[in-house]
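Given next, in structure tokens, is a single chain: the form predicted alone.
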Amino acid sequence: MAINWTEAQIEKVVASVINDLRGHTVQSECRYDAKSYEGRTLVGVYEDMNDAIAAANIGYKAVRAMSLEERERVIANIRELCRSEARNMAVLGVSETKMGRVDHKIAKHILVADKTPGTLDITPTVKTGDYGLTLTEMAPFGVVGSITPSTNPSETVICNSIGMIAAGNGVVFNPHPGAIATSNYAVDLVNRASRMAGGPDVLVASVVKPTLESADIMYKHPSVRLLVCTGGPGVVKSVLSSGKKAIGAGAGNPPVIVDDTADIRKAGKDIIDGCTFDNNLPCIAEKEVFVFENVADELISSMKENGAYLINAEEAEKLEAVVLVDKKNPKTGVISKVISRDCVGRDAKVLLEKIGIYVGDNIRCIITETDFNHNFVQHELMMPILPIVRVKNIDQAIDLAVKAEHGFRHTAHMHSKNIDNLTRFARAVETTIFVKNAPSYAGIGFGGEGHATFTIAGPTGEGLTSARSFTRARRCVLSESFRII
């Protein structure tokens, strides 16, 4: 059953995890590869994508034969294992990808376990009238092919598995190559949960070595009826070009507006909390701030009180040279700036060390004042680096924030008590998620109402996906009968 977490509960979970991890070295915590963990062979992981799809198809036939009650028993076990093994997956994720924070990844796994919708999300609808009764039920597609990211690998696998199984599908994953072991651990977890509930040994499947070729097999295989992609623009584009029904969760560059009616002290804390959650890996996290000039100094002061370190323009230039690198397009020869993979999801302390600044563990975010055209504003860094742009009024704030969002229509945030300003920005930016007066993670149910997901489908319009997103509508009509009034 889903739990609506309060801020106090969130802080309690994160605090307990931090205390548990003090002095802990994550790199030496476990022995793993893409096929095993601590010497245990992972279930549902195959050398060949065709074999993985065949296994997922058998899983689909098995889950299709289950009652909703039986599906819920499997899902209940997934939730329980996700909670009890959240620390394993968090440590494994940080160790393998070198991105994010163990304490925050634990919290994300608990969020997935508690707030990912199950079978209650696929309730049927009925219409009756003079001509009888029409029943519309939400049916499975069959085998769903899922592309998952390195930023939230096991969280996405488990969240997708719960929703797709609840909808009655089998699932085959082609994980990000940078997070194979973590993703496959989650696949194994789902299969262990299925077996515990009397379900099939392999309900979801994956591959040992995901590649572009294995993804292409998945795209074209006749047994795969629906494709779901959580990743960058390139992989989303390839999925949407497959010719099959596809759900695409693409990139974002979420702006934050702070006007002069906001609770500035709270806004400073909320923005730093959201920006630094798992070192800014979630695609919903705050990426750039537009603040009214008359409250900018107060906002920066609040940010510094909550773990932000302010760098000047010269230091920002040095940092930019480290976190953004030149990449040449092999076809056009054009050179453009791209984020350095070695810096994505790293601690603020680590990033500052790269430019000769040494700070304590209390520093969790790097802030700097820039103009609108600065690369920190224009690029989604996925690092705890937050550019701050001063604006004169709400008109300028909205104009620049909408431009910085680049039309992704993913996520935006605002801190204000002015209903008119909030409404104007929400209408102008047109994002799938719009968070008001809270950290960004409230948008996925972490300290906010609503269900959780790590597949936010802006490009294809499903929004925050859930079990219902992975179904197709089927209509059954009984003419001139079963109208009882």
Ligand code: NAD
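All values derive from a computational prediction rather than experimental measurement. The first residue of the shown sequence is 1; numbering continues from there.
Note that the form predicted in complex with the named molecule isn't included here; everything after this is about it.
**Q** When the contact criterion is heavy atoms within 4.5 Å, does L212 count as touching the named molecule in the predicted bound form?
**A** Contact with the named molecule, yes.
**Q** I'd like to check something about D103: if you look in the predicted bound form, is any of its heavy atoms closer than or equal to 4.5 Å to a heavy atom of the named molecule?
**A** So D103 does not count as contacting the named molecule.
**Q** Would you please decide whether T368 lies within 4.5 angstroms of the named molecule in the predicted bound form, comparing each non-hydrogen atom pair?
**A** No - in the predicted bound form, heavy atoms of T368 and the named molecule never come within 4.5 Å of each other.
**Q** Is there a heavy atom of K337 lying 4.5 Å or less from a heavy atom of the named molecule in the predicted bound form?
**A** No, K337 sits far enough from the named molecule in the predicted bound form that none of its heavy atoms falls within 4.5 Å.
**Q** Of the listed stretches (230-238, 126-134, 312-320, 348-356), which one has a non-hydrogen atom within 4.5 Å of the named molecule in the predicted bound form?
**A** Result of the contact check: 230-238.
**Q** Could you tell me which one of K115, R79, H109, H410 places a heavy atom within 4.5 Å of the named molecule in the predicted bound form?
**A** Contact with the named molecule in the predicted bound form is made by H410 alone.
**Q** Select from the listed residues S161, N279, N152, N169 the one whose heavy atoms reach within 4.5 Å of the named molecule in the predicted bound form.
**A** The residue in contact is N152.
**Q** If you look in the predicted bound form, which residues in 370-389 sit within 4.5 Å of the named molecule (heavy atoms)?
**A** Read in sequence order, the residues that approach the named molecule (within 4.5 Å, in the predicted bound form) are E380, M382.
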